[in-house]
Structures are given as C-alpha cells and as structure tokens.
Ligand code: HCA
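Before any questions on how it binds or moves, here is one chain, the form predicted on its own, in structure tokens.
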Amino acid sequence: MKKKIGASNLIKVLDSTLREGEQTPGVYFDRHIKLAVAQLLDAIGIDIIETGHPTVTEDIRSAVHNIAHSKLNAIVAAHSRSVKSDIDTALECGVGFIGIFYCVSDERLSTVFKKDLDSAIEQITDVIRYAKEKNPKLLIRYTPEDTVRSQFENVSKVAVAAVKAGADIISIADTTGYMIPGSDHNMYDYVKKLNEELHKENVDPMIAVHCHNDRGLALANALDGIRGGANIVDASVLGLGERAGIVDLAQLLTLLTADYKYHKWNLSLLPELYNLVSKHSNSAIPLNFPIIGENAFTHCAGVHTHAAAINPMHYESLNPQIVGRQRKFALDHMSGMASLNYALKLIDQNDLDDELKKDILQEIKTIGQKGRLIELSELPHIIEVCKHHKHYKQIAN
C-alpha cells in the first residue's frame, strides 16, 4: 500500500488565493503583491501555496516562477490542464506540485470533450506519467472537476488509474457548492466512500477537498470532509474564488487550531495578510466577517458588555488573541455603563463621578442614534463637553 505524504496524518492546508482567488471577477494581483502574499502565507505556515496557472498569461508564469524560486518552506504549486504543454510550462517554473484537472462526468465527456471514459482516462494517466517521469519528486494532484455531481463509478475508476499512473493526491471538488451536511449528498459520506473504493484497489493517495460556497456551506463541507478522512483542505483569503468563492482561510485555520488542536500555524499574521489581500483585490472585509471582520470581537449591547467585562467567555467562544486581535466594547446607542467604564479605563479617566458618567453615557447614546460608533479618540472631548454643560447648569441654577 502506498505511503501517505508527510510524517504524520495531520491536516494540510492548501491556499489558493493566487489561483482560485484570481478567478474572482475583477481580481488580479501584481507580481510583487503575489510574492508578498506568498511570503506571508509561508510565514503563517501554510503547507501548500497554489500560485496560479502559468499558461494563462506570461505575467502569471513569471509570478509562479518567481515564487517557486523564493526559498519558501511551503510547497509551491501550479495549476494545469491535462495536456503535456501545461506540464512543461509548470515544470519550467520550478514548482514542486502540479494540480491536474479533468472532468469525467458522462455529460461533460459527451458534450464538451467528445470522448468516452476510457479515452479520457488514457489522456489523464498519460499526462500524469509524463509529469512524473520529468520529475519523480513532483507531487501530483488529480482533480475530477465537478467530482461530486459526476457518476461515482467514473470518479472511482479514474482516481484509481490516476494514482497508479503516479498521482499522489485525489481532490474531491464540490465545484458548484452542491453538498449539504446531513443530507443524502454530503461530503463526509463521499470522502469515506471514495477512500473505501481506493483501498479496495490497493491505492492510498491523500484526499483533498475543494469546496465552493454557493450555498454558504463551504466551511461546513470542508469540516465534513475532514471527518470523512480528507487530508488536505483548499482555502483562500476572504474565500475569494469563482462565484461565491471557496472556504475562507482564516476561519479554517482558526477552527483547526482552536477546536481540532492543530497548533502549527502563526495565526497572529492573519490580520496583516487579510489587509494586504483586501487592499489589492479591492475586496472590502465585511464588518461582521468571522475572525477578521472589524466587529468579530466587538461587544455592543449593554447586557453583553456588562457580562463580558466580568468574563469575556460569557459572550465569546474564541479568544481574539488567537489571531493577534483584541476585544472591543462599542460605544453607541446600545451602550451601558459597563461599556463606558471599560472605555474610560482605556483612556485613564477613572475618577469621574457617577452623575457625570450618566451624562456622558446619555451623550454617547444620542450620538449613537445617528448611526455611528464613537471612536475612543472622541471620548475625551465628550467628557469635556459634559463637564462644561454640568458646570453651566450649576451656574444657571
């Protein structure tokens, strides 16, 4: 039986921001930004960085070549069709991993490729053997595109043939975000079933899952795939990718660290990575985006802030420090005295009397009703205004 890649069966993460991410309409990263992104991914500890499809443009080819020669710890990967010319271009770039894709659904074979299954398998395995002969140390992933909606018998047959030809990884692609946990078409059952079929044929590749987010279930499906026996999960920064994108990298890494206890990534660099990608992809980070969004660790309602000030875990299931962030208490129309006291402590204003605090809190609520948060830098000015108003009332009386 074929030995699995790596010293352990820990989950590996493949980041596809520079490949799948650029399939987001309107997104393209300049070469120097691609290098900066790759270096940050490497510093975080990402296992595999998919850098692009080098035959698409000369600029992409140059970027893939540059990253492949940047002495990263991560495995640098390139995308490829099942044609030898794509393999040659990728190998010329110096990558250590090539992902080859080819759909084997009956419908695609008959209407798009005009081939029968055996002819398709012959083409796929010929390309895999060619790549392996060119570089025996090369890691090869074969993806039956739109895996989960293809006939399972086709997928199983081509996967076995691909591994015997030299493929190290079989990727299960939920290309349209079709899978639903707990339904009769779920990733857990699919991964488990495919693994069983491969074992019967005495082949034991690593299994990857590539989950799209069309139904908002990409992360749930990826975790379902892990439970079923997947070894590699694809993700991207901000979940960038075709249509609704794929699994979000920060959410995946945080869950694998906090809940699956894989302590192998430097999550404190995630905010820097997300700010870089957001800026150069013109993709704003949503305020309520999990883990990275501005409001992800911000408490607002008075009941929440009062309890969280005593013990944050009353209203948190994750410590923000896991990703190098800090919790905040919002100052707006929902604020209570706990929020104000917390903010006053931050600006070293701990000697205000209770009546003045009530005035300050009322002023904050009035401003908050206009639909905005009060910045911490504003608070000293609000204090001065309230002090002045209190003094003026005393004189008037």
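The first residue of the shown sequence is 1; numbering continues from there. Note that the coordinates shown come from a computational prediction; the quantities given were computed from them, not determined experimentally.
The same protein also has a form predicted in complex with this ligand, omitted here; what follows describes it.
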Inset, instruction - Could you check which residue among Asn154, Ser281, Thr175, Asn213 gets a heavy atom within 4.5 Å of this ligand in the predicted bound form? - result: Thr175
Inset, instruction - Answer for His299 alone: is it within 4.5 Å of this ligand in the predicted bound form, judged on heavy atom distances? - result: no
Legend entry - Proximity of Phe101 to this ligand in the predicted bound form, heavy atoms at 4.5 Å: yes
Inset, instruction - Please run the contact check for Lys12 against this ligand in the predicted bound form: heavy atoms, 4.5 angstroms, yes or no? - result: no
Inset, instruction - Check whether Thr143 has any heavy atom within 4.5 Å of a heavy atom of this ligand in the predicted bound form, and answer yes or no. - result: yes
Inset, instruction - Just one of 120-128, 205-213, 69-77, 318-326 has residues with a heavy atom within 4.5 Å of this ligand in the predicted bound form, so point it out. - result: 205-213
Inset, instruction - Sequence order please: the residues of 11-31 with a heavy atom within 4.5 Å of this ligand in the predicted bound form. - result: Arg19, Glu20, Gln23
